[in-house]
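Take a look at this single chain in structure tokens; it is the form predicted on its own.
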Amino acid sequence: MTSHKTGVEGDSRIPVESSIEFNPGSMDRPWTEERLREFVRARLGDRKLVVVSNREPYMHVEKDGETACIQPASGVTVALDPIMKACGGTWVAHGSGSADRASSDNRGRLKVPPDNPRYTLRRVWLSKEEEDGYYYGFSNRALWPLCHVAYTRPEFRREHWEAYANVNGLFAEAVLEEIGDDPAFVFIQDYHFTLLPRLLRENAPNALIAQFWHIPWPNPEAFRICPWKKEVLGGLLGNHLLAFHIQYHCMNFLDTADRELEARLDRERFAITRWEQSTRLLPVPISIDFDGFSSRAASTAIEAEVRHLRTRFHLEGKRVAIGVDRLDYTKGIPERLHAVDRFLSRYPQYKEMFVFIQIGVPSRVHIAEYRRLGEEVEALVEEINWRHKTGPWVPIVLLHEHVNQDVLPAYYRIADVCMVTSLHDGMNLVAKEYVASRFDNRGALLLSPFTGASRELQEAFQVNPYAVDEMADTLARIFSLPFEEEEGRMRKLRERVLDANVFRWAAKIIDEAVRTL
């Protein structure tokens, strides 16, 4: 029997099917596309589903005189795309591809994926000045370094803040146009939209609003330097539900709101009430489509790509380590390279028997810190290779390129160890992608304890990325690991990621969001 609760501030137009229970620990029925689709239909009813993110899941670009559709390098979009394929709805995002306008209708809408349309993509157009101030400015020169303990000083400029506020308004207009007066569930992604929830809550009384914060939330002492801290916090408290990867980030947010705002805090329920509106906080770590990654990794196409990569990089008979990252100062890439250098110096028996492949996807190159990082990484690779190379062998292969998701499992398959050495990370889905790709139960994960993933993936080799000697010694330990231990660790890692996949993550957020009403 369906019961109904009251909606936002006494509005009874949003029904809540509270009799439908969410069982996150159900092992007899794993969370799949189909199960999530059934759950969303039952839990959301006739509400429209709208996802909002800065990065679009599919981008159209001009390439060699032709239009190509690509999936941008983004853990967020890779994680959410299977959910939208399962549930349908509309995804609102910045249209940044050179051929995006030509591939959309006059409202910026198109059906995706192109080969099997399952949902609608609504693109928001930004001028170069708007993108520079909102994305390269306040989002990634102010909020990104502010939230990551990576010792990069945030930069606060009024013109960046004004552009950021303006673009949040543009996205609000797009979302409101998509949902009209209809009941809707709006699921906002990340730090690009701190003002959007409040704008929607004030203008869409039939909208249930949730947001997932994909990066860390800093402690109150760090956050207090933001000149627009009250506006940011007030905007985020427009959400009915605000979710983070781990409980520590929820606690930091509670403490920040307690210090900076006049609000009532319920620390037992993880809830904040301000202006008679309540926002629930929820720790729920994001994940991936485990079955999708695992089955792709076992496909004949990936088998062929594995053979190609082994030939391309001369890997036969060698131990292989891999790093897969955007070129970002939070990812600990220089520290990782120093660890490889120390490993070869301390364990010279691995010379000519070891190759480290670093996939470094160029990122935010308009920001000086990112350009300097790219230069530092290139210089380090050249220096380390010169120091250790013998004959045609060099220890490090640096790939400045985006690797398509259809090919990425092959890189994971050739690696005896995946090095995830972030200095600070909300989650880091590379760790889970690597585990999902190892259907053979081989390989090892070297993981920073400063990632959200480290809370779940206890069987990984957790190493402080600032401790270069420790990382080098751990690499040597992994390469001498007994087969039974290697297989046992990977089997347990796979069980964890299989159980807590992205469909379960989405169901948990939707369930908890509906319960806030």
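One-based numbering along the sequence shown. In this text, all values refer to a predicted model and were calculated from it rather than measured experimentally.
Keep in mind that the form predicted together with a small molecule is not shown, yet the notes after this line are about it.
This chain lacks the partner; the member of 144, 185, 290, 253 within 4.5 angstroms of the small molecule in the predicted complex by a non-hydrogen atom is 144. Of the residues 94, 388, 336, 214, just one reaches the small molecule in the predicted complex with a heavy atom at 4.5 Å or closer; this is 214. Of the candidate stretches 169-177, 357-365, 275-283, 297-305, only 357-365 has residues whose heavy atoms lie within 4.5 Å of the small molecule in the predicted complex. Interface residue remark: residue 135 is not counted as part of the site for the small molecule in the predicted complex, having no heavy atom within 4.5 Å. Interface membership of residue 429, defined by any non-hydrogen atom within 4.5 Å of the small molecule in the predicted complex, is confirmed. In the predicted complex, the small molecule sits within 4.5 Å of a heavy atom belonging to residue 245. Not displayed here, the small molecule is approached by residue 401 to within 4.5 Å at the level of heavy atoms in the predicted complex.
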